[in-house]
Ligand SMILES: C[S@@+](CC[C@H](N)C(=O)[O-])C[C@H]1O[C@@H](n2cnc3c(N)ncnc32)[C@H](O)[C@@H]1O
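The chain below stands alone and is given as structure tokens, in the form predicted alone.
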């Protein structure tokens, strides 16, 4: 990582600032979780994966042999990072904010900051307890760069006050998190990103369609890390809504739905059971599931069409050698 040297002639930026954007309370999140458990069929948002342990488990997933997505994206930036960032800067053409969606440990943005040289870095994440120490480390490495951590659930709506992001912005959404949104929701998020960017651009990672066996292995690894990640959601719900889930009564399932071009993750009840929480309960028959995540896989033509429908133009992409993952730039 490039470090900017301190000198008497250069003043440091103020320490990283933290801003809670959403008014959503713990009670409102708990209400969303309870409603999901009572729906038919039961389903809860993947945002409930990311408590402190869930965030660490996801980092471990990215190191697995079966989960090549993170390495594929890193290989693209290693091979084409200078070209990608030069193209992004050329499209924006003036000082801009780097807006990092789902920033997590900020590691992906950290690799690009020396190349992009943004005027500010805005890190958005729902799991702010994981984001704070990461941003502190990044601020120490780049003391001249103003940084702001924003706690927000952008899966509900992506919007920032102009006082926080006057624009233009490069909206950065790495990994394959756009795959967690069904096509209608993905269109809505990308349109909101178009508005947020102003005269800026979008830099986004997209996992591409591949063979069923390869996809299912990536979400059901031999070590069981993804299973632990999925089951940890139950522990998070216990703390959030006061439920009495016993993870030992559930098992992880990942399957590819070819018709919808998506991986689905579920938690299946191993036996007939009833889960209780203050003011409510839900009976699950053996084999009944809680749907916890979708991960849609795209072809490049279909994703380019989605971008155009959301108001983005001139998409340009770079792929890994296996052509299983793409980084896409649009303005």
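Residue numbers count along the first chain shown, from 1. Everything numeric here is computed off the predicted structure, so don't read it as measured data.
Not pictured, yet referred to below: the form predicted together with the ligand.
Three-residue candidate spot 50, 104 and 154; every residue lies within 4.5 angstroms of the ligand in the predicted bound form by at least one non-hydrogen atom. For the ligand in the predicted bound form, the listed stretch (146-154, 193-201, 163-171, 79-87) containing residues with heavy atoms inside 4.5 Å is 146-154.
Site annotation in the predicted bound form: the residue of 92, 127, 134, 254 reaching within 4.5 Å of the ligand with a heavy atom is 127. For the options 119, 177, 261, 249, the one in contact with the ligand in the predicted bound form, meaning a heavy atom within 4.5 Å, is 177. Under a 4.5 angstroms non-hydrogen atom cutoff, the ligand in the predicted bound form lacks residue 298 among its neighbouring residues. In the predicted bound form, residue 303 stays away from the ligand, with no heavy atom inside 4.5 Å. Put simply, residue 284 is far from the ligand in the predicted bound form: not one heavy atom of it is within 4.5 Å.
For residue 58, a non-hydrogen atom is located within 4.5 Å of the ligand in the predicted bound form, even though that partner is not displayed.
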